[in-house]
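Just one chain follows, in the form predicted on its own, and it is written as structure tokens.
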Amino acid sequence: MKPGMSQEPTIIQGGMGSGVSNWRLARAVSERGQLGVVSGTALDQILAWRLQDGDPGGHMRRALGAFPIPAIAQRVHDLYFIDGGRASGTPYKRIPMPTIDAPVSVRELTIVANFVEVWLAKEGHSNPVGINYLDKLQLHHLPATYGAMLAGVDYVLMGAGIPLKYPGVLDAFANHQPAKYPLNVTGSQPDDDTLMRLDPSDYLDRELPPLKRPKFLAIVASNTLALTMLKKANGRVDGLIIEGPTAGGHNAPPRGALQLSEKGEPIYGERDVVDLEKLAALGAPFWLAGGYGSADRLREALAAGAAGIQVGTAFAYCDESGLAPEVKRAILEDVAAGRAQVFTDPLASPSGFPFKVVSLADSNSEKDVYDARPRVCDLGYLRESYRTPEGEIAYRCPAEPVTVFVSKGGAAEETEGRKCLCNGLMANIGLPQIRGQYQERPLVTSGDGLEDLTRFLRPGSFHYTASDVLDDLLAC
């Protein structure tokens, strides 16, 4: 099978979390004629912290120089860039946590950060590039999307929710028109204003030509949700990614009452299996994800009518991914030794979705390591929006201090077993926050197929490339 032979990509590289699916990985995949995808999660924080580390290689500043509104790019540079990088042991300067009425400086940073990641992924070739967003991280949707579209993003992938109102955002921004998106607010009343809004004219210093409207792929886990997205979305849905429960990161919860295995993992049953015949009958292109990362599974997917597959885990540990080199090597050593383990944790994520965690020594996968962490929420991407008794919108996280969460109307039992994913994911990519004597530890996620990575490892070697993955997948 040769890459790049069909109108749609055969292989979609997954969006494996904050900074893991980075611009280097997406570019490497796209240059091979498949769809490279950058993760859109926490790009504002990632850009700000890369700049504070002195922007090794100058890549961030090169992309800032291409941003179409130079005054905004300059403000971002001036706020965060440190020539030569932070002094050792110095904490990163944090940005305000996301809110529905975020300061202009935060919105500008988010627009610029998404532009930068997509622009770098597209640099030097003309093949499509995508960006992956999570619907449960709604507060950044509008500025993030506009920034990615300013960079010419070709595909937007979105899961972890039911984003029926998102295609309309793409339609509006293609013409630099104002867009709005409903924020899920616990306890909101019918007459509450919970709409997020962004008007591009507030940021433009001149008239720009229309933008390309990227294709929109909805990530779903059931036939019902696939049909709902195609029939009820407020704009065009160009395809579907069908993600099974073996995929890394957040998983859709099992349908019906939650049951746990002896290990404490959610049990998925027949109700969670997607009917591929019914899916194909919907007429939309679809890709299969979760356990499809091999040439044999690709053949199965194509035979079932799929346009191809989405692969995450195999790409997450290749040389080009954003995982810190020491984290990557430690896990690949465990893979080679046959001791790698992935646990689908029903409690770890503050979102309430099951979340896959790799067992890794000296990381926050280990209870004693995590228990030694000061309980704090200071990035806030997974916070829940809720209505206060006064009718205001406020925010809480079950991974924040228990007394704080309860004071905001949360139930103490919701905090049990919760972990701070936001800081852990930043530590995964070599950007650990420092608080006094404490440095954040990684919290790595992976699909269930982690042990299969042995096929990429030569004796005595613990690395491989994105091209190695593509050669393996397309050997059919």
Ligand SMILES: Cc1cc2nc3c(=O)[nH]c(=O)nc-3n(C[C@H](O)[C@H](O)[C@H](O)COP(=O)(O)O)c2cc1C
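Remember, predicted model here, so these are calculated numbers, not experimental data. Residue positions are given as counts along the sequence shown, with the first one as 1.
Not pictured, yet referred to below: the form predicted together with the ligand.
- Using a 4.5 Å cutoff between non-hydrogen atoms, residue 132 counts as a contact of the ligand in the predicted bound form.
- Taking the partner from elsewhere, residue 354 is found to have every heavy atom lying beyond 4.5 Å of the ligand in the predicted bound form.
- The closest non-hydrogen atom of residue 364 lies beyond 4.5 Å of the ligand in the predicted bound form.
- In the predicted bound form, the ligand sits within 4.5 Å of a heavy atom belonging to residue 290.
- Partner proximity in the predicted bound form, defined as non-hydrogen atoms within 4.5 angstroms of the ligand, places exactly one of 387-395, 303-311, 335-343, 272-280 at the interface: 303-311.
- Checking 446, 34, 423, 45 for any heavy atom within 4.5 Å of the ligand in the predicted bound form turns up a single hit: 446.
- Screening 214, 163, 143, 249 for any heavy atom within 4.5 Å of the ligand in the predicted bound form leaves a single hit, 249.
- Counting a residue when any of its non-hydrogen atoms is within 4.5 Å of the ligand in the predicted bound form, the hits in 217-245 run 219, 243.
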